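Here we start with a single chain on its own, the form predicted alone, put down as structure tokens.
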């Protein structure tokens, strides 16, 4: 899809669909919307009135021009109330208009961004929103669908953003370029999670990580089972021992030009399929468990953008990739395993495996003494119960750090909500025969139980844990894309690494 900003009159734009906009409650058409209406002899205003179109956010109205102007159709998109218009509303309006254009089988689109002038949004921010939503909102994963040879393609091929200010065109173009790059990084994450677990194995994750490292000029190290055993990763390897798929411990390093401001570790949970192990999940709960490596997909997707964004911080990405399967060699409830840092874990539930893999992932990176650690994990169903698929749960040992991460996430449309960690939660980890258990009190503060477990391995390094179990998979499409894997976390990490680290 080609997206560009141009200086031209909207009403003279030759395209399949011309997108104009209208605030809720506004009856006078002005600016480019008014110019298009005038060129059509008042047709837009008349049909808006006839159809009772109110301009509610995300609503659309299609008008056929019958050759009166070069555009074949005009799509009016509602922007909602003017005093509430912001970047969130802009994204929803862009998504709604593009989906409408796709339904109308439009291949070429022209649009205005005049409405954004009603807010404090910069041209760069507007361009970025267009770049992101145009790719993410129209995303689909149809690799495994049968396709008819001669089926006509109805994908949008080009979007022209109309602007008459040369400085704003330059800023729009820069924003569009960044938005498309971020969207492609998130699409990589979505693609990885969309793949069936049969294809997206630990080995496949490692191979994709190698491709990402090569394209971005990054250093990569992939440790096999023997290397992990030599390092003492008894926790991570215990989870992997029930599967025939070999585990892959993946490390990618980015070093900025010049002196790094700090060293940040980003860790993604990489359980490529979670059956629950011997503590087997119910069949229905396993249907989407290929998404248990969404954290890994997010951090790999983030690293795919290093050449493009070139943050001024050093970054180490860690993924301890494995399956969690039941077999004669699988770890059993009641077994005790030892993590890389020497702490022992009594396994009471093999379905609480993600935190066990992260114990060694965190222990490994702690030896490198990073300034900050962020982990992303589809860790607990409890977080889904608490926050649904609307927000990620954030837990931390450093409030100032967490607030920067939360701000970075909320700005990108990836909502974050902090959950507390109390000493009472930490007390629940005590084991009768080992240093800790891998579960907490059943049915109570489950998200926090997972977080305080991981906390035992961070050695007081500033750390933020993001439980993405809810937003990693949605059951209904939204402005960011269709139902299914979302690639959540990519935009947050990129924003944090470039603007808040």
Ligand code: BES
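This is a predicted model, so every value here is computed, not measured. Residue numbers count along the first chain shown, from 1.
There is also a form predicted together with this ligand; it is not shown, and the following applies to it.
Student: Quick check on this chain: which one of 132, 195, 323, 292 has a heavy atom within 4.5 Å of this ligand in the predicted complex?
Tutor: Going through each option in turn, the one that passes is 292.
Student: Name the residue from 114, 351, 403, 411 that puts a heavy atom within 4.5 Å of this ligand in the predicted complex.
Tutor: Here the answer is residue option 351.
Student: Although the partner isn't part of this model, could you tell me whether residue 186 comes within 4.5 Å of this ligand in the predicted complex, counting any heavy atom of the residue?
Tutor: No.
Student: Check whether residue 281 has any heavy atom within 4.5 Å of a heavy atom of this ligand in the predicted complex, and answer yes or no.
Tutor: The answer is yes: residue 281 has a heavy atom within 4.5 Å of this ligand.
Student: Give a yes or no for residue 163: in the predicted complex, does one of its heavy atoms lie within 4.5 Å of a heavy atom belonging to this ligand?
Tutor: Because no heavy atom of residue 163 falls inside 4.5 Å of this ligand in the predicted complex, the answer is no.
Student: Can any non-hydrogen atom of residue 92 be found within 4.5 angstroms of this ligand in the predicted complex?
Tutor: Although this ligand is absent here, residue 92 would stay clear of it in the predicted complex, with no heavy atoms inside 4.5 Å.
Student: This ligand isn't shown here, but in the predicted complex, which of 381-389, 235-243, 78-86, 186-194 has heavy atoms within 4.5 Å of it?
Tutor: Selected stretch: 381-389.
Student: Please state whether all three residues 365, 372 and 465 have a non-hydrogen atom within 4.5 angstroms of this ligand in the predicted complex.
Tutor: Not one of the three qualifies.
Student: What residues of 417-447, in sequence order, lie within 4.5 Å of this ligand in the predicted complex by heavy atom?
Tutor: Counting only heavy atoms within 4.5 Å of this ligand in the predicted complex, the single contacting residue of 417-447 is 439.
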